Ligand SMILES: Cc1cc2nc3c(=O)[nH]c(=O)nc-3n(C[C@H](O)[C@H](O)[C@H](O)COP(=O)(O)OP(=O)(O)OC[C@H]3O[C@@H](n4cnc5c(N)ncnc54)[C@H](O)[C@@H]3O)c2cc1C
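Form predicted on its own, single chain, as structure tokens, below.
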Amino acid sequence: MSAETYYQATSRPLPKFAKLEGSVEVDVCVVGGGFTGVSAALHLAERGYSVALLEAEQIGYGASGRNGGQIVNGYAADMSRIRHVAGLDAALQLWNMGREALADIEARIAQHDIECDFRRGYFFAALNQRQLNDLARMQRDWADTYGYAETRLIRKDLVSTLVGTDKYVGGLADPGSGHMHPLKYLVGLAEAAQSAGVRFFEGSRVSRVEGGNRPRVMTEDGEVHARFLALCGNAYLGRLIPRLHKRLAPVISCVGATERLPRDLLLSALPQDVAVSDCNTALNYYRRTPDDRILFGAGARYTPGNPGELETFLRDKMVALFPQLHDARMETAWCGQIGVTVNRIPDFGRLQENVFYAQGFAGHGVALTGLAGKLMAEAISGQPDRFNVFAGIRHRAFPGGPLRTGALVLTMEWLKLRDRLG
């Protein structure tokens, strides 16, 4: 592969969009060309708003074009935790909106005829009895409190029907979750948004934002004046908005794609076409591709930079689970940033009446980001009730001030030790 990621090598590219130059006047300025931003732009354009979308690099450059392609029910925070934080009524609404997020993906695929290798099927894998007990409690809670009874607890002797490794003591199968090629999906959404009238600008990193009745968004060579502003950059916003930066920790995770594998070898590792993740804090996650590769993701780092030689790092993780793949070559590998909040619940809100943001999807963003864009469009259109369910959840800044990164690293190491101890 000559492309940086497997997704870039196997997706139809979008046309290159011009850099923002001069002054542009629109109803809504969207910052960020990933799932959240493109979803918000598309929903707004469909409602008749004029929209300019600014992307610092290229559409899909960030997490939306780098993730594991896993579409997962629920949130990174357990629903019982969300219920404790937000109350039962809000938790029920959040669960239903999470389910809606998955349904929206299928609806958009059908509406815009997007070929993105969408598949249903998921397996949460337990590495020890504590994790399996947690999955059993989650299964009961999903069924009893939220009416979702589709999952199936898998005993250790049946794990091999889903995953060809002896490392798991059991797990939870969820036919309602699934996986897809995220960049193909994003390209399809962006094409739909462009057809709806959205103006895209690439290579247009935002350097400054001014609020007011008509927010002003500035780049190196231009500026956008708008009635509304939607900040959709998640971890890739960096320090642009200090208030949001303090409430979000960027976490580095890495993904690799193997070479094409002989069919019998591929099926020895993944006999079913399901996406898999374990239950560790720094989890492994993986799935098959339609062209007989394994996409394998791992790592959770709060410090910048990559964990040594990526292909070797990921291959070692994979072979530890699947010794039968010891001769398989990791053909390409890449990293990206995940945005995590203190409570692992997405952080939606307003910086002022006409400036909206959504961030902190904590690894569940393939589905929830599309929902975030949809809810921002609803709120901008004068229907804020569903957006306000998220916005009503209190989020704290990460502790530590200038020592924040060190504190996060220590916390992560403690959680990793707890996972190893079971």
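All residue numbers refer to positions in the sequence shown, first residue = 1. Since we're looking at a predicted model, the values are computed, not measured.
Quick note: we don't show the form predicted in complex with the named molecule, though the next part is all about it.
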The named molecule contact in the predicted bound form: His364, any heavy atom under 4.5 Å: yes
Residue contact check: Gly68 to the named molecule in the predicted bound form, 4.5 Å heavy atom: yes
In the predicted bound form, Tyr285 touching the named molecule (heavy atom, 4.5 Å): yes
Exercise: Gly171 in contact with the named molecule in the predicted bound form, heavy atom 4.5 Å: no
Three-residue site Cys254, Gln337 and Thr369 fully in contact with the named molecule in the predicted bound form at 4.5 Å by heavy atom: yes
Heavy atom within 4.5 Å of the named molecule in the predicted bound form - the one residue of Leu132, Leu248, Val163, Leu237 that qualifies: Leu237
In the predicted bound form, the residue from Ala391, Ala379, Val355, Ala56 that sits within 4.5 Å of the named molecule by heavy atoms: Ala56
Options 77-85, 347-355, 145-153, 201-209; stretch whose heavy atom lies within 4.5 Å of the named molecule in the predicted bound form: 201-209
Partner contacts for 35-52, taking the named molecule in the predicted bound form and a 4.5 Å heavy atom cut-off: Phe35, Thr36, Gly37
